[in-house]
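One chain comes next, on its own, written as structure tokens: the form predicted alone.
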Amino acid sequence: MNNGPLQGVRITEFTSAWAGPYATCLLALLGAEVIKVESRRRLDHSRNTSFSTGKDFSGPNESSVFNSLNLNKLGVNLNLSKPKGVEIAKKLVRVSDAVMENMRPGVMPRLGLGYEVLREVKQDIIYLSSSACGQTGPEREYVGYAPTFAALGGASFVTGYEDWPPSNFMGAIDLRSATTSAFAMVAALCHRQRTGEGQYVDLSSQETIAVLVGDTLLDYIMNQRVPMRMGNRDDVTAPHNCYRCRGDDNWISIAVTTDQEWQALCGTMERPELAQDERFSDAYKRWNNQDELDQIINEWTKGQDYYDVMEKLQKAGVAAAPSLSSEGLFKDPHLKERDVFMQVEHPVIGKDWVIAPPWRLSATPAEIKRHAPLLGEHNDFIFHGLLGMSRKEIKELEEEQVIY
């Protein structure tokens, strides 16, 4: 079995929700050994409920959401409110290459597990703190979730229709922050491989989103303009929109950037006269007459299947693709052929659908090797097998609710 490009890297994580766990999940898919530290005292809420589906779970091992965010990991229970729990956590760090946490700023230092303390435990440790607004600044203690990251990062303001309020983003924003965390962790591991130096990484979810809307920041800095919401339209090109197709809430995205593409669209619609229509004869006029243009295209698309429209337009050299729902994604023939969705056997859930790693590495493929850890599933393997604690000591610590 291939072990992935991060084989030999061990990460101890103190994370919950989405932004933290998915970052280490990506690293685990690449072969890192990730030890997830949890406690019955305060369960990760993704074990109990799903904000995306509105479903509550009757037990901590029934959540398909938690399973998707924590694939390939090992899991242990430690009550960090007890000094003995903190000492065991330090032992884990001593045999690890990196630590990741996404608690509110100040919590880990108060527990006795801040970077300065753990650097004394292991001099070359890499320590990444992921938080809403970073570890410094007047908003450092903000508690944040995806909607606040999106709002504070500027993505909400520029997304939506011009006569509607800013959009409210959910979990996808967490996953963007998580991907940035994983990138930063790999960069820090590369630096340590070259120099032997560990380091502290202060990651702000607000800033991970702000850099992704950098063009709007540049527009203000350079031109003193504040870009506003414009739905699916573009600043320059037209047509540029989603158009209704046959079926329940089926849409096709079409974008035309040149006169040649516009003529190809007119030909495909069997409306060649539109290419000579004074209202649409060049890019500027098409942009100024978008409402009329969108009505014409909608009339053509509304009775057709969206994949059929895609094939016709792509064959003519026009950018077009279905705007896929979750059902559409799951059934998409291209994604099916690439095995993007796969089933993982879970001892409680059964066969659970998850999303495969998003990379195809030819020499060291990323792999899903196992389901997310059951609560405390690897206590014996880690505490006895890795740290060398006796089973009698482990039993006593369980009774004291240290391993809990």
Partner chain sequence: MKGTVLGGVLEDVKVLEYCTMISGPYCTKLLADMGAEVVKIESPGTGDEARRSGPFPGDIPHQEKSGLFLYLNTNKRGITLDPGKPMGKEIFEGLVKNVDILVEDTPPGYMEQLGLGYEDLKGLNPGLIMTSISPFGRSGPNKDYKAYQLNTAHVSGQGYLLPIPSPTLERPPVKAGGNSCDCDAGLVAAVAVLSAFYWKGATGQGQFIELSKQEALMSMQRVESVTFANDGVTMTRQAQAQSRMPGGVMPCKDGYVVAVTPEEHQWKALMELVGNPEWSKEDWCKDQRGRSEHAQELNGYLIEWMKQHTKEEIFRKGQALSCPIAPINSAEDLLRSEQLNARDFFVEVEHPKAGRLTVPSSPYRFSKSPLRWERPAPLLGEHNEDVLCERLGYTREDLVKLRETGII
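From a predicted model like this one, the values you see are computed outputs, not experimental measurements. Numbering follows the first chain given and starts at 1.
Keep in mind that the form predicted in complex with its partner chain is not shown, yet the notes after this line are about it.
- This chain is drawn without its partner chain; in the predicted complex, the residue among 92, 266, 238, 188 with a heavy atom within 4.5 Å of it is 188.
- For the residues 122, 286, 82, 176, the 4.5 Å heavy atom test against its partner chain in the predicted complex is passed only by 176.
- In summary, the region of this chain contacting its partner chain in the predicted complex, judged by heavy atoms within 4.5 Å and restricted to 276 to 284, 83 to 91, 196 to 204, 106 to 114, corresponds to 196 to 204.
- Residue contact check for residue 352: one or more of its heavy atoms lie within 4.5 Å of its partner chain in the predicted complex.
- Mapping the unseen interface onto this chain, residue 403 falls outside it, with no heavy atom inside 4.5 Å of its partner chain in the predicted complex.
- None of the heavy atoms of residue 118 is located within 4.5 Å of its partner chain in the predicted complex.
- Of the heavy atoms in residue 71, some are within 4.5 Å of its partner chain in the predicted complex.
- Contacts between 243 to 261 and its partner chain, taken as any heavy atom within 4.5 Å in the predicted complex, involve 244, 249, 251, 253, 254, 255, 257, 261.
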